[in-house]
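Only one chain is shown below, in structure tokens, and it's the form predicted alone.
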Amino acid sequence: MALVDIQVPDIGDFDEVAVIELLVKVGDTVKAEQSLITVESDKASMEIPSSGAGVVKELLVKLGDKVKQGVVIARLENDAAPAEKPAAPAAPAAAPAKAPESQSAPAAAAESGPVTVLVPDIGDFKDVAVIEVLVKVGDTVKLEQSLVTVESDKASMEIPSNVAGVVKEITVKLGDKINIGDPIAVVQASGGTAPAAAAPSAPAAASAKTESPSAPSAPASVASTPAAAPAAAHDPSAPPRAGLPHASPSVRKFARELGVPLDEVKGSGGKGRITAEDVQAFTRAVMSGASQTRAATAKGGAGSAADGGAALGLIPWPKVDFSKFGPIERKDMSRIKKISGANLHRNWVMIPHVTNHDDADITDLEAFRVSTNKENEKSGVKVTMLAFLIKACVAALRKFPEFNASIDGDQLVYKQYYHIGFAADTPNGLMVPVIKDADKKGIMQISQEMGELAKKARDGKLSPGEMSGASFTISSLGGIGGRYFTPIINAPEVAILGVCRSTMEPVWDGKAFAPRLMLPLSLSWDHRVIDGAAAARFNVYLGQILGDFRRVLL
């Protein structure tokens, strides 16, 4: 038995190309010239073959690694002694030879005028197929901009232009077979041509760093690109396709920049090839909520919107043509509503909610609040009942720490901080700013911060940091009305307090009925963490604090 190291052969002008696919695993038996890995540069992808046969004993690279000529990628075990390495190992793209003078002459000779762009030296490939035409007549192209994509059995690559100018003629079409020296386009040169020696360089030459027009470099281009075709239907439950997605290197690079899982995109090109437009259509579908990636579907869990509740054994969601019954108007849901809706759905399905209802006597506290605002009228800070509720909740959370906890696997995380979120109604939907370290702040400071955060929420200027980290949330409908409701817990928190508008009611004091201002409380809690007795004690204690706010000091 002998161990043979398989190295990256001469792959042309590539330097440190990325490993994007492992085609074998330890224990596999491979033949000579069988592909082991796929690598990719900005302009081409290619498979690296084995220079010998045997059993894979060790893979020395992993996805994302950068490799270059001479790097050992695998170690094989075979029965015979390793054969002497050939002078030039077979590779998907051999080192580009210096171009014939006839190829460089037209570009070098003409400062301006029509220039025929020829296929440069693309290694050991013959009769490669044109699978994508990246420009059209009338387009203005830059030096080294890709014109067509070709593909062999082992690699796809883009052929760049060796001259800048306007495309006057495309001399190839989809499906044509081309070889070195074949004309692919005629460009009316604008004076910028590649140097004679570099003009016909391999498709992924070191100088060819200009991105293809088919692969915009920023996600913003997706939004600005008009829909050329409807988004291909996407099935997130479909298994990933085997092998490398059928797409050009520039399209794969475009998908990586947008974070698009290319194996979930349905190609509209020839033989199911994925185009840049397919990637854009997929992105638009996901952003609009019309589709989901497999990862998003998995995170959504059973009963997600994508499966219509099928995973829970529910009958399908009804599909109704509402226009049959009368006039209708359709409006897209706001981004905030779509995001919060998905979170609320998950929380309601996955958390066993129980809600306790109670009333708190805030007669004296409301009188104190009113007098405080009169005394501090010139400060510009208006104290609301919600500020007192936040301080009261901090005191209750200290006494009942399980309400300030979160589930993490089989453990409970008890937080030593008191960050209180409060639901803010905005024109775009519900948002939850967070008062950080509420235990260390006074009523006036909390009121001021609440005012500032609520304004930011209405203006759509809240930062992610201002909406994260809450350990307990209060949802107040006091400014609107109502009596009781069941607020949905904001995971990963384990409880939420809902409050409605206070009303003056007759309350028996042991001798007579007296008018008292009563505040309805609705406490929803996670029954996995909290039991009914603890929830009742929490509500009672919270009511006692609101009835006599001096208890906060105890």
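Each residue number is its position in the shown sequence, starting from 1. Everything numeric here is computed off the predicted structure, so don't read it as measured data.
Keep in mind that the form predicted in complex with a small molecule is missing from the display, and what follows is about it.
Just one listed stretch, out of 417-425, 464-472, 67-75, 251-259, contacts the small molecule in the model of the complex at the 4.5 Å heavy atom level, and that stretch is 417-425. Proximity of residue 430 to the small molecule in the model of the complex: non-hydrogen atoms within 4.5 Å are present.
Not displayed here, the small molecule is approached by residue 479 to within 4.5 Å at the level of heavy atoms in the model of the complex. The small molecule is not shown here, but in the model of the complex it comes within 4.5 Å of a heavy atom of residue 502. Contact annotation for residue 384: at least one heavy atom lies within 4.5 Å of the small molecule in the model of the complex.
Contact annotation for the candidate site: 18, 148 and 150 all lie away from the small molecule in the model of the complex (no heavy atom within 4.5 Å).
For the options 119, 189, 454, 133, the residue carrying a heavy atom within 4.5 angstroms of the small molecule in the model of the complex is 454. Screening 294, 369, 284, 436 for any heavy atom within 4.5 Å of the small molecule in the model of the complex leaves a single hit, 369.
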